[in-house]
Ligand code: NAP
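Given as structure tokens, the chain that follows is alone and in the form predicted on its own.
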Amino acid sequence: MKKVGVIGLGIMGEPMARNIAKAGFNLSVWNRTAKKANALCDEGAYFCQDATSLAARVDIIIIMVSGPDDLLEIIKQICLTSLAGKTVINVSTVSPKASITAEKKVNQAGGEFLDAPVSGSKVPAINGSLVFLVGGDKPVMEKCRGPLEAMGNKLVHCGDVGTGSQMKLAINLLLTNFMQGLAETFMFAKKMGLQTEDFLEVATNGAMAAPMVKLKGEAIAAGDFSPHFPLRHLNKDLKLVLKEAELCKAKLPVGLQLGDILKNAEKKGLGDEDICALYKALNS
């Protein structure tokens, strides 16, 4: 079994690391806030003192951080040691440019790189049912299939490094449009006096039925805005989407409006709540 290291133990990183350990891999971890690793270490994971020492200890390095700057800082640290014979997998949502830059630096240090952000949030991370959107050489992906399949149930090879990040930005643009539409529809139905239970029954059984309608609709109905995917992260992702759209000259008129909506939702103090708190933003 290969030795696997996970850097970043937040809402997604911790359960992903736990599933790697459950699959029998030798697990090492590092997080800037060390106490976030306590539960995993109690379960047998080895805590490294920094990202560089983790990279020296393992064969596969998995990075789950907040954004492009965090990723490139981690890459800088792990490249202080030789990465010969090692594979670095970024599973965070970053820009395609950051992924390509990371690959170059990892290659220069002797290692291989996969750009593999995930589709899915907290519950799929816990259940090991994430979808990996993989950019990079297919043989490298196959070599890492074991740890990846410990965390997810599907690998989609998108092309070269950078295409995984592109695919994630496209999916998260759809997610942002969907969540704002769901929030507005809930508010509209409620203002008209419709019963929430009746609306959910129609929405989850008709042509518009989708897992996210049920998941987020029930959360809104219950007033449960605990973070599975924090709104501030969606705001960060949409900023990446809009920047990439500018580069490739894609017109996103609704996306631009959503940028303002998410910015205002954060100003209202909703950044650390779940993305379905877009509903709260309409009522505050």
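All of these numbers come straight from a predicted model, not from anything done at the bench. Start at 1 with the first residue shown and count on from there.
Beyond what is shown, the protein has a form predicted together with the named molecule; the following relates to that form.
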Name the single residue among 241, 55, 64, 27 that comes within 4.5 Å of the named molecule in the predicted bound form, judging by heavy atoms. 64
Candidate stretches 248-256, 218-226, 42-50, 64-72 - the one whose heavy atoms come within 4.5 Å of the named molecule in the predicted bound form: 64-72
Could you confirm whether residue 121 comes within 4.5 Å of the named molecule in the predicted bound form, counting heavy atoms only? yes
State yes or no: in the predicted bound form, is some non-hydrogen atom of residue 23 no more than 4.5 angstroms from a non-hydrogen atom of the named molecule? no
Is residue 271 part of the interface with the named molecule in the predicted bound form - any heavy atom within 4.5 Å? no
Close approach of residue 99 to the named molecule in the predicted bound form, 4.5 Å, heavy atom: no
Sequence order please: the residues of 20-50 with a heavy atom within 4.5 Å of the named molecule in the predicted bound form. 30, 31, 32, 33, 36
